[in-house]
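Starting off, we have a lone chain in the form predicted alone, written out as C-alpha cells.
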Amino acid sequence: MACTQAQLVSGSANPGRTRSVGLWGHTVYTDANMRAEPGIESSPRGPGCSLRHFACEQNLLSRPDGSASFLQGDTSVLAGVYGPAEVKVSKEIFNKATLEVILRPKIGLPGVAEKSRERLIRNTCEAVVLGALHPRTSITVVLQVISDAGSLLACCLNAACMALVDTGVPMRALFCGVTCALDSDGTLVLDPTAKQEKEARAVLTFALDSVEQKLLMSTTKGLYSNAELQQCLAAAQAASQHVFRFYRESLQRRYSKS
C-alpha cells in the first residue's frame, strides 16, 4: 500500500516505573517495561521498540489561560491555550465552541507541513473537547516548536493535551500521539528520531484516547502493508498506556505540591 493520508477512524484497546532526571531538570518517569536511562533507548520487544524519556511542565506562561511544555527525547514543544473566549462573528458557531490550532515552526514562517499538522491536531482536539458546553466561544491552541528531533506531530499532540488540561477545558477523554516507523526490513520503531524517520520506509502517527485507546486520528506516509498497519496500530495502543501513565504521574506530582 502506497499512500500519504490523514483520516479519522475508530480502533480498539490493547492494554513498572523508574525515576530519573531529564532535560530542563524535570523528573522523568519511565515505565519498567520500557525502561530507559536518560538519553538511551531500550526495548521490551526488540531493538527500536521503545519510547524515549518524557518531561512535562504546566502553567509556564502567564498570558494564556493554560500552558504546557512537553519533551520527548530531544523533541520539545511549548503549547498555550486561550479560551473559552469571545469569538469573531465570522467564526462563530451557534451550538459549539470554535476550535483553532496554530503551529509555529522553530524558525521562519509556517508552511504547508505546519498547516497540515494544524488540521490533524485540530481534528483530534475536536474529537475530545466538549465544545457544546461553550457555544459561541473560541478556544485557540498555539503550539511553538522548540526543537524537532523526530516524532514532532506526536509531541505536539501531547503538548496540546496537557495544555488543555491545564486550562480546564472540558474533555470526554485525554488523548496522546504515538509515532511508529518501519525500516526497510520491516522492523518497527516506536517514537523514532529524525534520523530514523528519514531512513524509514514508512512513518505512521496515531492519536488515541485514554478511555478505550480508540483511534481518533491517523496520518501515514510511505509504503506498508495492511498487516504492518495493524501491527503499528497495536504497538501504538500499547505504548499509549505508558504515555497516559506519565500524564497521571505528572499531574499527581503537580497537584500534590499545591
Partner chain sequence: MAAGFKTVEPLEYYRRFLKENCRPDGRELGEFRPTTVNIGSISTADGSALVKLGNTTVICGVKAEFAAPPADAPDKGFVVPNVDLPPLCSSRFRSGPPGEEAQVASQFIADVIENSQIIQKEDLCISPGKLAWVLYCDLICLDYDGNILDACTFALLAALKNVQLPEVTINEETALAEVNLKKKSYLNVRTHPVATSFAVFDDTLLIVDPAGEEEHLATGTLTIVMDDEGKLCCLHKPGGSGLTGAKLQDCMSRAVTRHKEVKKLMDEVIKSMKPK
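What you see is a predicted model, and the numbers here were worked out from it, not measured in a lab. Numbering follows the first chain given and starts at 1.
What follows is about the form predicted together with the partner chain, which we do not show.
Student: Have a look at 108-116, 81-89, 175-183, 138-146 and name the one stretch with heavy atoms inside 4.5 Å of the partner chain in the predicted bound form.
Tutor: The contacting stretch is 108-116.
Student: Can you work out which of 61, 55, 215, 200 has a heavy atom no more than 4.5 Å from the partner chain in the predicted bound form?
Tutor: Checked against the cut-off, the match is 215.
Student: Look at the candidate spot formed by 190, 193 and 253 and say whether the partner chain comes within 4.5 Å of a heavy atom in all three of them in the predicted bound form.
Tutor: The answer is no; none of 190, 193 and 253 reaches the partner chain.
Student: Should residue 134 be counted as a contact of the partner chain in the predicted bound form, where contact means heavy atoms within 4.5 Å?
Tutor: Although the partner chain is absent here, residue 134 would stay clear of it in the predicted bound form, with no heavy atoms inside 4.5 Å.
Student: Considering only heavy atoms, tell me if residue 124 and the partner chain come within 4.5 Å of each other in the predicted bound form.
Tutor: Within the cut-off, so yes.
Student: With heavy atoms only and a cut-off of 4.5 Å, decide whether residue 164 touches the partner chain in the predicted bound form.
Tutor: Contact check for residue 164: no, nothing within 4.5 Å of the partner chain in the predicted bound form.
Student: With the partner left out of view, is residue 223 within 4.5 angstroms of the partner chain in the predicted bound form by any non-hydrogen atom?
Tutor: Yes.
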